[in-house]
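First, one chain by itself in structure tokens, the form predicted on its own.
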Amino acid sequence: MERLIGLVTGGTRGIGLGVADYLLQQGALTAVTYHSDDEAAHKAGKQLERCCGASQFLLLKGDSGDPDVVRRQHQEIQKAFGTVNVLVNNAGIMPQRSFEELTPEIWESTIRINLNSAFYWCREVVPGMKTQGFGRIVNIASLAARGGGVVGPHYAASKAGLLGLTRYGARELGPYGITVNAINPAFIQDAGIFAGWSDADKDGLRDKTLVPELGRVADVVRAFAYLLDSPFVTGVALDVNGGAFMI
């Protein structure tokens, strides 16, 4: 197998940053994309540099929902590191809106960032993975893909779309040694909207799970590590949500 070269979209905080850090710890050259938050990117860069040194990772700013930006970023990664063989589609937004509050603009931006970006990146990296005869694609979906969630129809639809992309990708790309899987996190207390919640607010979430504690980024990273290491697991959506999908 070739050396691991990873790309994590939306990787400067929360789950994405945890996954990027793990990849670096495994010796992978790793690129991380982010949209516009330079302060978060600076902090992430400091954390990743402590792990393995600045030469082992790239921070790339740009809109993952723009296919031209994705193409340019992919070219930068190829020039610096080589062929991407681990893709983690994590970039996402989650503005909370009901049907009545949801505007066409928010619908379109959510689908563009959460779903379209995953397709754009897959389209870029799949040819190189086929040539190597090895690839791992992991799409970070959500409990909302199964049960609708509470963010809104736009978010649920975008995450459900990722599951469809996962299943199709697994079927087409499996013969080339490329696995395509998804992870469905929920109630991850140190990521996404929950990272800013008070302890009292988080207490209310515990009734929505079957276990006494909320999840952490480390729980999602463990799931990713399993999928990264598993050549015989493809087309699955691995639930990391304390059994919340059963309630």
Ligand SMILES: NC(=O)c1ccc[n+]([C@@H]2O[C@H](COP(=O)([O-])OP(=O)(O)OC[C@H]3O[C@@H](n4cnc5c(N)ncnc54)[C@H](OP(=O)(O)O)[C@@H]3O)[C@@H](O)[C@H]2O)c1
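Since this is a predicted model, take the numbers as computed values, not measurements. Residues carry their position along the shown sequence, with the first being 1.
The protein also exists as the form predicted together with the ligand; that form is not presented, and the subsequent description refers to it.
- Of the candidate stretches 96-104, 139-147, 79-87, 125-133, only 139-147 contains residues with a heavy atom within 4.5 Å of the ligand in the model of the complex.
- Here the marked residues Gln26, Gly45 and Phe224 all miss the ligand in the model of the complex; none has a heavy atom within 4.5 angstroms.
- Contact check for Ile15: a heavy atom falls within 4.5 Å of the ligand in the model of the complex.
- The closest non-hydrogen atom of Lys159 lies within 4.5 Å of the ligand in the model of the complex.
- For the chain shown alone, Ser55 is not a contact residue for the ligand in the model of the complex, no non-hydrogen atom being within 4.5 angstroms.
- Glu49 falls outside the set of residues with a heavy atom inside 4.5 Å of the ligand in the model of the complex.
- Within 4.5 angstroms of the ligand in the model of the complex, the stretch 187-214 places a non-hydrogen atom from each of Phe187, Ile188, Ala191, Gly192, Phe194, taken in sequence order.
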